[in-house]
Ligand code: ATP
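Before any questions on binding or motion, here is one chain by itself as structure tokens, the form predicted on its own.
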């Protein structure tokens, strides 16, 4: 940072639809910053992804890591291509490498449908769903300290790693998030403690940390039962905290309840760094066709502004994040803006135009509500 009012953002456009959704999002960020005033954003593009691996032999070059390490925040669009794989057959996942590199243990996956987007659940209470899945993002079944093993065609194994230091920070993060939210003030541990020793350990630590937050209710649910709750009565959830693989699956279910992956933002947050990205992937089947729904990318950028404001004690970025959220809601409110995953014809450019127009018209006084 050059001064307290300037923030430097490392931008990873990535693969597939990534460049299509991130470039207009950066323009919206500038528009929001200009309307609110009091701060400025500068950006640096960082090369990474499957196409970079194809052309240069590395999916996450050191130069990009160096830029990201010095930035105030990281904004990532999408990375990976199913057609480009490592020698062992796995897809490239540099976005996961970023989580490991910077210790981004708290994956924040909000589940809050955009007003005006066709609801997935018929129950009218589903319109007011507003909860957060906090996914542990550096260990569990993704732990780099326990790489999978394969014995030819006979057997393959993966190891789940749960550690006390990460769990303690993760659970504290979840309880502190519940304290900040205007919600049910409850944190639910989603696990499988009745079967796996690792989750029995997880739950022991959860119960210990819950005792430090007497103002927040704490309960536990097995992951299969919790998945049913997400589908049948999601309005009963506030903050749910879970292991990496479970969080990966449940956050996609949450995205489906919002209308699709194109509506689902996310953040991966650590003690010093944070990455903000849509939950969706690179969608190579629609890349270059102008069909990609950029809403998740836009809402992820709003999460970034709010995190920057909170981290640096600056109200203006937080107000700009709220402005972007209000603009998205206003753009979709009439129900006429229908994206391709819901059977409509509103492509990337039309969504950005609608959100940009709405952003220009939102009253700044409303941001204080």
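Quantities reported herein were computed from a predicted structural model and do not represent experimental measurements. Residue numbers count along the first chain shown, from 1.
A second form of this protein, the form predicted in complex with this ligand, is not displayed here; the remarks below concern that form.
Q: May I ask you to choose, among 189, 266, 251, 293, the residue with a heavy atom within 4.5 Å of this ligand in the predicted bound form?
A: It is 293 that has a heavy atom within 4.5 Å of the partner.
Q: Report the residue, out of 94, 262, 247, 140, that has at least one non-hydrogen atom within 4.5 angstroms of this ligand in the predicted bound form.
A: Filtering the options by heavy-atom distance leaves 262.
Q: Does any heavy atom of residue 281 come within 4.5 Å of a heavy atom of this ligand in the predicted bound form?
A: Yes, residue 281 sits close enough to this ligand in the predicted bound form that at least one of its heavy atoms falls within 4.5 Å.
Q: Decide whether residue 285 counts as a contact residue for this ligand in the predicted bound form under a heavy atom distance cut-off of 4.5 Å.
A: It does: once this ligand is placed as it appears in the predicted bound form, residue 285 has a heavy atom within 4.5 Å of it.
Q: Report yes if any heavy atom of residue 174 sits within 4.5 Å of a heavy atom of this ligand in the predicted bound form; otherwise report no.
A: Residue 174 lies outside the contact set for this ligand.
Q: Would residue 316 sit within 4.5 Å of this ligand in the predicted bound form, counting heavy atoms only?
A: The answer is no: residue 316 has no heavy atom within 4.5 Å of this ligand.
Q: This ligand in the predicted bound form: within 4.5 Å of a heavy atom of each of 17, 79 and 341?
A: Yes: each residue has a heavy atom within 4.5 Å of the partner.
Q: Sort through 150 to 158, 120 to 128, 232 to 240, 285 to 293 and report the only stretch with a non-hydrogen atom within 4.5 Å of this ligand in the predicted bound form.
A: Of the options, only 285 to 293 has residues within 4.5 Å of the partner.
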